[in-house]
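Starting off, we have a lone chain in the form predicted alone, written out as structure tokens.
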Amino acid sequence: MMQLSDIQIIEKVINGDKSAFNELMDRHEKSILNFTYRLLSSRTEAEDITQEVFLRAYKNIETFESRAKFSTWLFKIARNLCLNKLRHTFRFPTFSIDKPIRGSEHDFQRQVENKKQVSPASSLLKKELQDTVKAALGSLPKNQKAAVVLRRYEDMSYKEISTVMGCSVSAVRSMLNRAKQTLKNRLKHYAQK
């Protein structure tokens, strides 16, 4: 049985088969969720934004132009919603009452236990490196961070990134080069090990 393309499914949705949109969600939800999580660093916020992305896509499906890839359109919506969320969070920061206080003897971890046996030292080093990379990525300007996430984690071409971000391919190259230099400088301590 041949699988329908995104464009064919969109045509079905526009022609009244509203349930066909579920197939589009099944295809793209994971990548949109991963993208939003990498930009927002909060699973709950990423899930909320991902739902909003698909809600907006569903409401505006008739405005989709079939010249572009549907996934690129979704990433563009996701990027805009994430940037709006980050701007709002920066202006109106919130604090969690559930977050453990550092240094307290009653700290708790919210993570799934890793069943693989790894030495505590290597586990600690790996966690330290992950935290450092995450912090370095998080410290990049919003557009550079988005470009890096789209390129590195979503494996998008420069052209696709330029479409998502609404800028030229040369601007994408420039953003990625600046981000690469910044990350290289911030992570040089680990590169020497």
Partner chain sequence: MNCLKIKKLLPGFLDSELEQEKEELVRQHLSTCSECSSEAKLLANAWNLLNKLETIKPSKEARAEFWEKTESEELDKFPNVFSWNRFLFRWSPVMVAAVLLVFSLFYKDYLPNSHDKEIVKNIEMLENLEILENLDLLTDLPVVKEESVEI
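Residue numbers count along the first chain shown, from 1. The model shown is predicted, which means the values in this text are computed figures rather than measured ones.
One more form of this protein, predicted together with its partner chain, exists but is not displayed; see below.
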TODO: Look up in the model of the complex whether T63 has a non-hydrogen atom within 4.5 angstroms of its partner chain, and give yes or no.
DONE: yes
- [ ] Examine F70 and determine whether its closest non-hydrogen atom to its partner chain in the model of the complex is within 4.5 angstroms.
- [x] no
Open item on the list: With the partner left out here, check for me: in the model of the complex, does some heavy atom of L187 sit within 4.5 Å of its partner chain?
Closed with: yes
TODO: Give a yes or no for S170: in the model of the complex, does one of its heavy atoms lie within 4.5 Å of a heavy atom belonging to its partner chain?
DONE: no
TODO: Would you mind checking 16-41 for residues with a heavy atom within 4.5 Å of its partner chain in the model of the complex?
DONE: G16, K18, F21, N22, M25, D26, E29, K30, L33, N34, Y37, R38
